[in-house]
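As a starting point, one isolated chain is supplied in structure tokens, in the form predicted alone.
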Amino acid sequence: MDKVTIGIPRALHYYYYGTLWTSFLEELGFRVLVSPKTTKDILTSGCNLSNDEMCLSLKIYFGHVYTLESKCDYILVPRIDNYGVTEQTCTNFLGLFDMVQNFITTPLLTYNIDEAHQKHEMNEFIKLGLSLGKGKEQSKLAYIHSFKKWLKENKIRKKEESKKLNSQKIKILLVSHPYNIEDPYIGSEILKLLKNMNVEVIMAEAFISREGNKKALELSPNLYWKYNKELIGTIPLLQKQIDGILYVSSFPCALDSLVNELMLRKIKMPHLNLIVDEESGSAGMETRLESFIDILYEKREKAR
């Protein structure tokens, strides 16, 4: 008998928790099917399923969900609302399940993260396992093992990024949600251009920490959006070790537009704010990046 196949869209939270999800489901004996890397066709499908007000990242997510239609037994679409009262996520993350079920016929799996109302991650994963016919203890152990694996992966990532801080090249702190900068359609061209310009790119996401969150609150005491707070908290932590900051957002993300603008005003060092949409081309982006890098080189020369 063939294994039950569970599809995972390669978008949004996949870039945070992909290892955790995949490991958990495979430990429980399921086959995992991750959608392919983002292409123009996937984006087009997502745009056709969206409205104009939705951000590029959400449109891409819809496209990935659609590629899994009829190719698996279930599709995992979590509801992730908050990790506490001051750790709120984008409302789209809470509404994903409800939006997706309007255009997909494949059965959906979900779990709910709402720590403000006592819906904690481990308990929710156990419920997910139970909904798939697995035992409570089996599901708990699968979560613990998968969480440790995910944690180890993050520590390795931080160690690798930390080494870059010793580079003699121009160092840029790239402040962007992983589902943007690590998505081939949004981020690959930017990373390719920077590599060709011989600069060291430091990924802010690798340095997320409690200390950084405290620093973020010093910059803006009322900031309670989890992922934005985590990213900007890395800036004061690394500010003395970098030459400039590159913000990359998908259009029209409301949270990024507010928080990044706040940082542009408060943090006084060279920066560039790039906003990517479905029509963005590499030519204009390359010109802006080249100008930014030239400024950083000139600043370093003057400091000598």
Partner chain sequence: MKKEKKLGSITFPQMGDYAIPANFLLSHILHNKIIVPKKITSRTIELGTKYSPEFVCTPFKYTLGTLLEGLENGANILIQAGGGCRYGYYAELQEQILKDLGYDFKFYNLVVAGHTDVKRIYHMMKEIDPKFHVLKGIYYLLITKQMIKYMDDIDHYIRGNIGFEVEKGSFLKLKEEMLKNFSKVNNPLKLHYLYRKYKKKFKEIKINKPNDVLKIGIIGELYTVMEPYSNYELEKELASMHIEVKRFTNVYYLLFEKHKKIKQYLKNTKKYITYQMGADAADNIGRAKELCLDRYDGIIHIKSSFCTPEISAMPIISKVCNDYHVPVIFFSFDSNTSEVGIKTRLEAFYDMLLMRRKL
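Residue numbers count along the first chain shown, from 1. Keep in mind the model is a prediction, meaning the values are calculated, not measured.
Another form exists, predicted in complex with its partner chain; not displayed. Remarks below refer to it.
Note on the partner interface in the predicted bound form: the residue among 246, 235, 259, 28 having a heavy atom within 4.5 angstroms of its partner chain is 259. Residue in contact with its partner chain in the predicted bound form (any heavy atom within 4.5 Å), chosen from 213, 138, 220, 131: 220. The stretch from 53-61, 66-74, 37-45, 235-243 that comes within 4.5 Å of its partner chain in the predicted bound form, counting heavy atoms only, is 53-61.
In the predicted bound form, its partner chain lies farther than 4.5 Å from every heavy atom of residue 269. Of the heavy atoms in residue 254, some are within 4.5 Å of its partner chain in the predicted bound form. Although the partner is absent here, residue 147 is not a contact residue: none of its heavy atoms lies within 4.5 angstroms of its partner chain in the predicted bound form. Shown alone here, residue 85 lies within 4.5 Å of its partner chain in the predicted bound form, counting heavy atoms only. Contacts between stretch 90-114 and its partner chain, counted in the predicted bound form as any heavy atom lying within 4.5 Å, involve 91, 92, 94, 95, 97, 98, 99, 101, 102, 110, 112, listed in sequence order.
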